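A single chain, nothing else alongside it, follows as structure tokens in the form predicted alone.
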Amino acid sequence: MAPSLMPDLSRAVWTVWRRNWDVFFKTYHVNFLPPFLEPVLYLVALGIGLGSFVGDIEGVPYIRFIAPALIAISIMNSAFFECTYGSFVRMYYMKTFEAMVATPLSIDEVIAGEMLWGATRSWINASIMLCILAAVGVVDLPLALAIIPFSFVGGLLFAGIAMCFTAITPGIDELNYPAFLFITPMFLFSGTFFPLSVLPGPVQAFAYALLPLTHIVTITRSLALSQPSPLFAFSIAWVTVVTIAVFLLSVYLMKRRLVV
């Protein structure tokens, strides 16, 4: 029988989330270092170094222009790599999924719990980065604090996308393809380091239609700079609809892979 598109979930999904949470804090000294160092390195190299040549972008100092994008990139990377390489290792090499399914947990709950944990990784890293950026005065408080709850939603979007790739990838080495062919182009062409308005119209339309990071950047920049983009509401709607869609699709694809 083909797996149902609608997942069968209960509060047990938080058991899976708690398992990953506990493992994460067992190695906290490693896991918390990158979110502290990443914004500092980018701000010094790009914000101060390159910014001294670039000047203002759309009336905003370059260091303030890229600061919200750094948070958006962290939201993307944290969830995506947690739910691709991390989930693949737990599924295939560590056999963690098999062990959890041997309990009263269902496959739906295991996969949903994995994605909730990926979203939590985005929330943790984005919160740390926001504190660093606020401390150096490149984001506007208190509106920028709204990025903290939004980072969980953005993380869930990328966790769902990542789990879809994990479901259809035959081996861990093949995960390099979405990393380099999907994540890297978004890193460069989603309005992160320069405004999309400098690109041709068709490229802009492509970015807003198909590149999730474009909408995450639009939202984080609007909140961090207290300057809502004309596309802010559209980006909120896009993220909401696509997050629900990829969540359902990822659970369905993973069940197809794991149920034999």
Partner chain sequence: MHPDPVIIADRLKKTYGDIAAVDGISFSVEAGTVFGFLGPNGAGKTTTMRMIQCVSPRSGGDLCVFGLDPAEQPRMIKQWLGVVPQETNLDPEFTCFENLMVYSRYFGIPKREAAERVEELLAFVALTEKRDVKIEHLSGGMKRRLLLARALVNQPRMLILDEPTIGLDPQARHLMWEKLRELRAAGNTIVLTTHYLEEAERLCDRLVIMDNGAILVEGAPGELVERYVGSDIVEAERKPEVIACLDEMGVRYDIVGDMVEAMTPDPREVARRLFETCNPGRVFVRRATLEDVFLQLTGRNLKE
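Residue numbers count along the first chain shown, from 1. Note that this is a predicted model, so its numbers are computed, not measured.
This protein has a second form, the form predicted together with the partner chain, left out of what is shown; the following refers to that one.
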### Task
Indicate whether E82 is a 4.5 Å heavy atom neighbour of the partner chain in the predicted bound form.
no
### Query
Using heavy atoms and a 4.5 Å limit, would one call A102 a contact residue for the partner chain in the predicted bound form?
yes
### Query
Looking in the predicted bound form, any heavy atom of V241 within 4.5 Å of the partner chain?
no
### Task
Report yes if any heavy atom of L253 sits within 4.5 Å of a heavy atom of the partner chain in the predicted bound form; otherwise report no.
no
### Task
Sort through S106, S127, N77, T169 and report the residue having a heavy atom within 4.5 Å of the partner chain in the predicted bound form.
S106
### Summary
TL;DR on 136-144, 182-190, 92-100, 153-161: the one with heavy atoms within 4.5 Å of the partner chain in the predicted bound form is 92-100
